[in-house]
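Before any questions on binding or motion, here is one chain by itself as structure tokens, the form predicted on its own.
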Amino acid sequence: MENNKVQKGQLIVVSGPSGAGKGTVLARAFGKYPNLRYSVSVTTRAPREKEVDGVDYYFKNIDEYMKMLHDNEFLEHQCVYGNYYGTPRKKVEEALEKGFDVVLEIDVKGALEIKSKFSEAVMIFVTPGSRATIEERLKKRSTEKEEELMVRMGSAIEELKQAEKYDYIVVNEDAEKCAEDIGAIIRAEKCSAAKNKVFLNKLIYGGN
């Protein structure tokens, strides 16, 4: 009898410094690859203009966040620039079981925490082509004061130093091409020998 069980989805971790253009690139990727699902993070920071609860983030107060932390509801959690962030465990696991590929857009610390727990996670680091581009994009946001921009620029450089710990580095000089590169990585990972051992064993030895 044919086995109709849905193949488990792939966990994809995307990181990069502030100003790397991750949001734009991922928006293009989601438009191209319908099997992708975005993991919406929880945060205690205040919403920025035009951000929508449940779409951009789940915005929680500190008491709500700490309860979730106490109840082990996060796959990973971090404090960044004085605000708390976390990846909801249940929603990610449910999507993976349904066969969707789940994208976590998180910082380097959170990404490495995920990798330590899920060795099969595909780690992708997105970076601009130059330091000048990072600074220019941060200034265009106009959401931080000058001293805050300097802090974020320093943090961006520190994050770049961690890029070699990722499986792939994608340079974002063109958002469309960068999205295609990410799609190519996902397709290649699905064809890897490590992820097809069970299938090969069925071909060799038979069985469902």
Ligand code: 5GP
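Each residue number is its position in the shown sequence, starting from 1. Fair warning: this is a prediction, and the values are worked out from it, not measured in the lab.
FYI, the form predicted together with the named molecule isn't displayed, but the following is about it.
A.B. asks: Among 129-137, 116-124, 94-102, 72-80, which stretch sits within 4.5 Å of the named molecule in the model of the complex, heavy atoms only?
C.D. replies: Heavy-atom contact with the partner occurs in 72-80.
A.B. asks: Report yes if any heavy atom of Tyr166 sits within 4.5 Å of a heavy atom of the named molecule in the model of the complex; otherwise report no.
C.D. replies: Judged by the heavy-atom cut-off of 4.5 Å, Tyr166 is well away from the named molecule in the model of the complex.
A.B. asks: Is Lys60 close enough to the named molecule in the model of the complex to count, meaning some heavy atom within 4.5 Å?
C.D. replies: No - in the model of the complex, heavy atoms of Lys60 and the named molecule never come within 4.5 Å of each other.
A.B. asks: At 4.5 Å between heavy atoms, is Arg37 in contact with the named molecule in the model of the complex?
C.D. replies: Flag for Arg37 set to no.
A.B. asks: Tell me, yes or no, whether Thr44 is in contact with the named molecule in the model of the complex, where a contact means a heavy atom of each within 4.5 Å.
C.D. replies: No, no contact at 4.5 Å.
A.B. asks: Taking heavy atoms and a 4.5 Å limit, what residues of 106-124 are near the named molecule in the model of the complex?
C.D. replies: The stretch 106-124, when checked against the named molecule in the model of the complex, contributes Ile106, Asp107, Gly110 at the 4.5 Å heavy-atom cut-off.
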